[in-house]
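Single chain ahead, written as structure tokens, the form predicted on its own.
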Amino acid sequence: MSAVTETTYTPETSVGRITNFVDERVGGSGILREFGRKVFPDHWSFMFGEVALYSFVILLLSGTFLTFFFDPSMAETHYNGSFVPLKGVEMSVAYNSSLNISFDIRGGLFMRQVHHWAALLFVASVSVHMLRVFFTGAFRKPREMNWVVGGVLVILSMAAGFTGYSLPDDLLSGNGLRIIDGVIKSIPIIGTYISFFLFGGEFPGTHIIGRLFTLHILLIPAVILLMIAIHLFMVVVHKHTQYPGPGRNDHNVVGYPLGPVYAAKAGGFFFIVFGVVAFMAAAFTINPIWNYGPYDPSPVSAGTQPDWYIGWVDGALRLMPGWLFGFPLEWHIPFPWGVNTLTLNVLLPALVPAGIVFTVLFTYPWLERWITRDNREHHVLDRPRNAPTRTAIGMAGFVFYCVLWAAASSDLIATHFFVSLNDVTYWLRGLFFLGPILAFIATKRIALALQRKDREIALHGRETGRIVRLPHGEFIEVHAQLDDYKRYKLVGFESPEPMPGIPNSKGIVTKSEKRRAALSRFFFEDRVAPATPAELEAGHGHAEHEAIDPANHDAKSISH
């Protein structure tokens, strides 16, 4: 018998031999070949998701550094560090270690500020990424579950920010916890029990900082990592969305492969994000806890402002009146075991606005699919102007958030602009109801006007300023026709028409179908149909629409 020989590849360099050794045992080259060929479209708006990912990596790196020096204890001690104005002041060990990180640990203040700026950037980029997905319709089938994952990431990012914001145990973070304690206690019957369990006794208790620390460094980051992994897995499975253009449809992706193009771009972009965050941390002070002092629950502080992602909930609390139309919003309800207080002026603003926002956020993909009866897969995005009602709903929600965000600074608005705090509150209460409605109407009108402008440009071309006199004496302006790419962008979209209610097998239009028809009219009754091929051909045949060289369209002259 002859021996069976196997030819193996032997790299010449030591690095190559190590790489080959690892590849033969883990199969890395096959994974790289598979994912390296994944094609990703190129558009600036896709960078928001990348910024969120990179800022989270920065959070993990800076947070690991801070964990080595932070002591999450609420035991009492006296400060004896480098910051002279607080020497000898009684404070918690958590606040003491935060001051030591800021003044006595080499690079500690820089890393604290890197961590805080990266946290703000993470929440902002996740939120803007979700807005981009909403306005372009990227949440449609088959990405509904990925939209839900994004919504969960928004909530987790706010939870991570709030738990970290509360850890230093300074006056500002203590006031934030005081608000949370009041909201929890406003929950009927069980609120006081939840508060005692969370804080380890009557507020501020003795355990809240340690528990928040565990949530902040362990549980919440782990769930965020899980959600990011699920999100990226779904992006790979469903392939990336792309903006409309020639050659782009729901069955392909036009762009560049992951390797080496996007791998190199992603690496460079990470260091750009890291550099910007590092520059902000070095140049701009954020959360100077030494100015606030340790938390003391006995005095009442004014002028405190939460971070922007939590401010809208605080704003809702500030706008809620104690009495409404002559009726008190605080009720004392007798029970067999005692009297329970129902504090609606705290419970309603703390839960209802957030409940409305996140309920609409999580259910909207299914709501729009139900209204449109559209169960097709969508991989080509919408231009926001071509979905005017959806865009108007998004802007209404954005203004709703901004009004509440502004209300969180109502006291500073009053003091800085020398106006009455009551007047600021009344104006913001009015905007709370009227602002989203006005934003919806204005946004929808603007979107429809932009559609009409696009239709006009597609049919008649772009204005050039070149005036021509016809043989019979009429003066016209010659328009430059668009190239095929730009024309496709203006006419290559769907414009659904309102759909009437469909009778069931018994010939009856059910109430559900009537509601669907009414919502369909609400969504699509105001529409601008894209120009058809016949209209384009007829429009381009007019004398004032002669084709001219687009390169010379800037030359404005009068000829005879």
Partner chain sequence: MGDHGDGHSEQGAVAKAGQSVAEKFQDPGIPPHRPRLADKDPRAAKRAERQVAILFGISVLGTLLFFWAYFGVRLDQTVATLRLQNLLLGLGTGFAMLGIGTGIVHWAKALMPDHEVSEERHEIRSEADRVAAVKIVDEILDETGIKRRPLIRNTLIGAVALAPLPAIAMFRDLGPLPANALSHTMWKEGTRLVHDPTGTPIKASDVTIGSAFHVIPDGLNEMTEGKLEAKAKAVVLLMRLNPELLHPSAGREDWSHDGIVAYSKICTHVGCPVALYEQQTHHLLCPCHQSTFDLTQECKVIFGPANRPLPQLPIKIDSEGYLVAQSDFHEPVGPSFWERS
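Positions refer to the first chain, counted from 1. None of these values were measured; they are calculated from a predicted model.
Keep in mind that the form predicted together with the partner chain is not shown, yet the notes after this line are about it.
Visitor: Based on heavy atom distances of 4.5 Å or less, which listed stretch (245-253, 144-152, 470-478, 386-394) is in contact with the partner chain in the predicted complex?
Guide: Stretch 245-253 is the one.
Visitor: Heavy atom within 4.5 Å of the partner chain in the predicted complex: which of Ala439, Ile310, Met227, Met320 fits that? Just give me the one.
Guide: Of Ala439, Ile310, Met227, Met320, the residue with a heavy atom within 4.5 Å of the partner chain in the predicted complex is Met320.
Visitor: Here the chain is shown alone; which of Thr163, Thr464, Ser102, Thr136 has a heavy atom within 4.5 Å of the partner chain in the predicted complex?
Guide: The residue from Thr163, Thr464, Ser102, Thr136 that makes the contact is Ser102.
Visitor: Do Gly210 and the partner chain share at least one heavy atom pair within 4.5 Å in the predicted complex?
Guide: No, no contact at 4.5 Å.
Visitor: Please run the contact check for Glu525 against the partner chain in the predicted complex: heavy atoms, 4.5 angstroms, yes or no?
Guide: Contact with the partner chain, no.
Visitor: Is Arg132 one of the residues lying within 4.5 Å of the partner chain in the predicted complex, judged by heavy atom distances?
Guide: No, Arg132 sits far enough from the partner chain in the predicted complex that none of its heavy atoms falls within 4.5 Å.
Visitor: Wondering, does Phe274 line up within 4.5 Å of the partner chain in the predicted complex on heavy atoms?
Guide: Yes.
Visitor: For the stretch 85-120, which residues lie within 4.5 Å of the partner chain in the predicted complex by non-hydrogen atom distance?
Guide: The stretch 85-120, when checked against the partner chain in the predicted complex, contributes Lys87, Glu90, Ser102, Phe103, Arg106, Gly107, Leu109, Phe110, Gln113 at the 4.5 Å heavy-atom cut-off.
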